[in-house]
Ligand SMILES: Nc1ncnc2c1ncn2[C@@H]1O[C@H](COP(=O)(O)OP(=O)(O)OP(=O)(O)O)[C@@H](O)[C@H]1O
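Let's start with one chain on its own, the form predicted alone, as structure tokens.
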Amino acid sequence: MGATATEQAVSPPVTASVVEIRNLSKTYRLMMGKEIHAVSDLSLTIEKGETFAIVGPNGSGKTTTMKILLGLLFPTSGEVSLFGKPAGDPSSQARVGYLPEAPYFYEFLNGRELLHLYGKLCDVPEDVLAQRTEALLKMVDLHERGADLPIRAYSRGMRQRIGIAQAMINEPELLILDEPTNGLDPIGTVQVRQFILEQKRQGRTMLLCSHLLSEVEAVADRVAILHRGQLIAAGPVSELVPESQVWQLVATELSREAIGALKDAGLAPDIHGDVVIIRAHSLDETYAALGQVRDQGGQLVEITRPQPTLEEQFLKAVGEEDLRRTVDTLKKSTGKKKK
């Protein structure tokens, strides 16, 4: 027998989304009636199995958003859900692993004891916990030195690695990492990147927050850029970082006459001693530059197509948003003066 109209109306929607954020706003009310709008009308969706990154300058609302997802803060308005249930629901929180930006642990415990504690808190069966603890210690390269060393003797990088291990102790379906490479040396940073890529290959859903945009670009499927609590850009990395339309040619052994011919052809060469750099903005310009170098007896050293980076797009987006805000402020100020 089919469902009645009433049953259809109350049935929860079927969704593959792990995280749903709809019109989220968070306002902190301070003394003297002052308010800080940490997040304003934010809407995001994170699908199952994807690696999603939130980036933004300090004070952009990244950590506030994560804490609301974890049920550590309550929204002023809007809706947030994990696995189809409201954020903070115990059954959904049990499926989440979390690494805070500055993790703090009981200093008197060693690495093995710490993971055992978190495993017990997550109701990991005793017969599974010991094996999983050793596997995680090995995964974060603490199985030899850090396993029996008190946390108080850990370096900052070691604390970060044990933090990643504790976030994985319950084998979470959603892994939330706030600045996962914080305090790590270059080797540690590469190890964390490899860890994230391995979790990605295994199909684990991940939410990252990081200031290292090159690392985000290397691992994320989609990126959201926040600035002053507002979403100013979001989408796949391939869309946020468009393919370069500029070709760069480096040549030597070009005479003054040859450089003059390049200028006459509409190509603006940059001269650095004996080295000349030509930037062409289309294939036609590229072929024209190659022809000029060849005809003038120059030597082509290299031809490259430098790709824009996520960092460049981030700075551009944030810069344009700041400019827009400044213009809006000036307009409002001018309007008030006219009145």
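All residue numbers are counted from 1 along the displayed sequence. Since the model is a prediction, treat every value here as computed from it, not as a measurement.
There is another form of this protein, the form predicted in complex with this ligand, and it is not shown here; the text below is about that form.
- In the model of the complex, this ligand lies farther than 4.5 Å from every heavy atom of I277.
- Using a 4.5 angstroms threshold between heavy atoms, V301 stays clear of this ligand in the model of the complex.
- Under a 4.5 angstroms non-hydrogen atom cutoff, this ligand in the model of the complex lacks E217 among its neighbouring residues.
- Contact check for L70: every heavy atom lies farther than 4.5 Å from this ligand in the model of the complex.
- Interface residue among H211, K200, K263, R145 relative to this ligand in the model of the complex, by the heavy atom within 4.5 Å criterion: H211.
- When you look in the model of the complex, the only residue of T64, T286, T51, S40 with a non-hydrogen atom within 4.5 Å of this ligand is T64.
- Heavy atoms within 4.5 Å of this ligand in the model of the complex are found in one stretch of 42 to 50, 287 to 295, 269 to 277, 55 to 63, which is 55 to 63.
- Contacts of stretch 23 to 48 with this ligand in the model of the complex, defined by any heavy atom lying within 4.5 Å, are made by Y28, L30, I36, A38, listed in sequence order.
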